[in-house]
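A lone chain, given as structure tokens: the form predicted on its own.
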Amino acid sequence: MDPLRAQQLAAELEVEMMADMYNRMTQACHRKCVPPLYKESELSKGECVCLDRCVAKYLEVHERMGKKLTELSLQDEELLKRMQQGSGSA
């Protein structure tokens, strides 16, 4: 595959994944913080605080998971390199 095309596909996938994460976060935090029957047209202070905390937690967990997955991926790559080097010299 052409490197430019691969880079373009990776960028498209990243945008799609970010949009999915945003939609999931929006749905989860709305479900948790905003009652189904609206009493007022504006969010209450409590709802705003709840949404702020929910979004912050969601993004923090997403960042932690991304770092951990990157770390695991790097470990897998290193193990694969070692296995290939070991089988190549045998």
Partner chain sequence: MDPAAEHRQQLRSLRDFLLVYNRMTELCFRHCVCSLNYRLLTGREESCLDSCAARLVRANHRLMSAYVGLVPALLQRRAAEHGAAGPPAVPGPAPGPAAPSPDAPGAGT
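Predicted model, so just to flag it, every value in this text is computed and none were measured. Rigid core: the largest C-alpha set superposing within 1.5 Å between the two forms. Numbering follows the first chain given and starts at 1.
Form predicted together with its partner chain: not shown, discussed below.
For K81, no non-hydrogen atom is located within 4.5 Å of its partner chain in the model of the complex, even though that partner is not displayed. Its partner chain in the model of the complex comes within 4.5 Å of a heavy atom belonging to M65. Among heavy atoms of Q27, some come within 4.5 Å of its partner chain in the model of the complex. Contact check for L43: no non-hydrogen atom falls within 4.5 Å of its partner chain in the model of the complex.
Taking a 4.5 Å heavy atom cutoff to its partner chain in the model of the complex, the contacting residues in 39-74 are C50, D52, R53, C54, A56, K57, Y58, E60, V61, H62, E63, R64, M65, G66, K68, L69, L72, S73.
Residue displacement note: L80 has its CA displaced by at least 2 Å between the shown form and the other one (rigid core superposed).
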